[in-house]
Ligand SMILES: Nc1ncnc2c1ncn2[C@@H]1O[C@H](COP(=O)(O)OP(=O)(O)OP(=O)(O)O)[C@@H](O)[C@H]1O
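Encoded as structure tokens, the following chain is the form predicted on its own, with no partner shown.
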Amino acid sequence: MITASGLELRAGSRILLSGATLRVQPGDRIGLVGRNGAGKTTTLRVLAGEGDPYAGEIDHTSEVGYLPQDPREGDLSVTAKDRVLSARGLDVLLRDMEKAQSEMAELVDETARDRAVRRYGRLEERFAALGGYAAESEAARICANLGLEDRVLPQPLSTLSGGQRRRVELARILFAASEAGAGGRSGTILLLDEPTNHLDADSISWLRGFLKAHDGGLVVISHDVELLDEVVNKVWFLDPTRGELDNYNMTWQRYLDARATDEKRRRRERANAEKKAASLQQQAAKLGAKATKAVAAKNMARRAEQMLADLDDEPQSDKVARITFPAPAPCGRTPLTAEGLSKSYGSLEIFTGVDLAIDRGSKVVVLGLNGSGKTTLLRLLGGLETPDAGRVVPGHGLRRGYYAQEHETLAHDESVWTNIRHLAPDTGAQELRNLLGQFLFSGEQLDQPAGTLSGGEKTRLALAALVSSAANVLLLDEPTNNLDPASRAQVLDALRGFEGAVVLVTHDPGAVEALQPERVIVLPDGTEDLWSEEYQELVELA
């Protein structure tokens, strides 16, 4: 169980949550919702013990499996398989068992060999208690269901894409929480921040089933409405305008109905109170003109003020970033060309011999299964990586704008303001402030480190940098991840109106529809084809 009491969370001086009492217990499957920047990610980090609250106490009596939006594993030399198995300590046990086996075969001294035999026996007994070889099969099954192929598992994390590393981390957490590792009912509480990012349709469907069956407790942040509808049995609504978290002990659809009813009730109560307060103020004004009634007038005025003060803050419509790409900088007919691009990580060949010509104003979608090299291709085109063979040739007037799905283009230790200055050094300070305001960054939030922003806020900051760049070739890697529906709609509208060239990687069919692509590149073969509706069906699967 996780229990929090007197919990207060802040972003600078802004209060996100005040005096909250929260509890997560077995059987709870909680959807944590609220607009972008409301503090959902901060709340989850603090509940996981990865951050400190401004005030209050948090008590953990269960194991916690925490998936942040941007997991950054320190030791990238570890293989994907060992990272997953480490959730139950099996990676170390397997290495120790292999070492003991070697000693049993190689040691000549009988006493030393007997010690190695006994050590191997103890290790194997412990290995069996933790699920043994069946657990290895279970880990491989979870990885496969999350789109991690067998060929990926022996590879070091350093050779994998950001999306693959995130799926490895999710597999590790689910492996730790799965029933075979707990001898039946799982006691692990899962805290998952946007777990469907980078997953294809089949993996998302499997994940929904896993989470629905998980009985150890769950808090999930997600913009996947189908996941919330199918999985959650409670909803926490975080409202930073009131600094409160509303607890709805019900399913997602019932929550939507109850929330709409609550909003209507609050508006009705406010209207009635404002009407009564206005009447009292009118009476006070009339009485105030008479000296003998001055005291009564003041009492009426104070009562009207108190009635208004006792009301909940008036609900405000969620602000949405106004995203409009400016006219692209002038360029030649073909501003970007790639010839014979090949890339491998160690012994893992990603793709080979990819040719691509990006004409002025062209729209291209890159498709391929998870791990086929879509992100790698964009990074090569963006000049962030060097190909093993082939070359990227900038054309006349090329100005690239790269959006990274893992927000690598942001300096996480630097402030919002410093980031935008670095990303748009040629833009005037006041123009940048106006731009950041359009993307909902203002005041002291400009001094906030980018690493402490929510996923949606990082997306907005990265998009603000793209807008300021006047790029004529946009390289977009999952640009709608982490966005609420209103912000996503703004991004799609901006894509529809952009006059420059776009190379897009996405699992979002709506993003492809907005782009109206002319061509498609299918990886890892690098096949180029004219776009057709047949490819639309592959977007979610790719």
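The first residue of the sequence shown is number 1, and the count goes up from there. Quantities reported herein were computed from a predicted structural model and do not represent experimental measurements.
There is another form of the same protein, the form predicted together with the ligand; it is not shown, and what comes next is about it.
Chemist: May I ask you to state whether L47 is within 4.5 Å of the ligand in the model of the complex, using heavy atom distances?
Modeler: No, L47 is distant from the partner.
Chemist: Do G371 and the ligand come within 4.5 Å of each other in the model of the complex, heavy atoms counted?
Modeler: Result no; G371 lies far from the ligand in the model of the complex.
Chemist: Give a yes/no on whether Q448 approaches the ligand to within 4.5 Å in the model of the complex, heavy atoms considered.
Modeler: Yes - in the model of the complex, heavy atoms of Q448 and the ligand come within 4.5 Å of each other.
Chemist: Taking 4.5 angstroms as the cut-off for heavy atoms, does R14 touch the ligand in the model of the complex?
Modeler: Residue-level check for R14: yes, a contact with the ligand.
Chemist: May I ask you to choose, among T452, S342, N247, S86, the residue with a heavy atom within 4.5 Å of the ligand in the model of the complex?
Modeler: Of T452, S342, N247, S86, the residue with a heavy atom within 4.5 Å of the ligand in the model of the complex is T452.
Chemist: The ligand isn't shown here, but in the model of the complex which of R29, R35, R488, H507 has a heavy atom within 4.5 Å of it?
Modeler: Contact residue from the list: R35.
Chemist: Out of 472 to 480, 60 to 68, 491 to 499, 37 to 45, where are the residues with a heavy atom within 4.5 Å of the ligand in the model of the complex?
Modeler: Selected stretch: 37 to 45.
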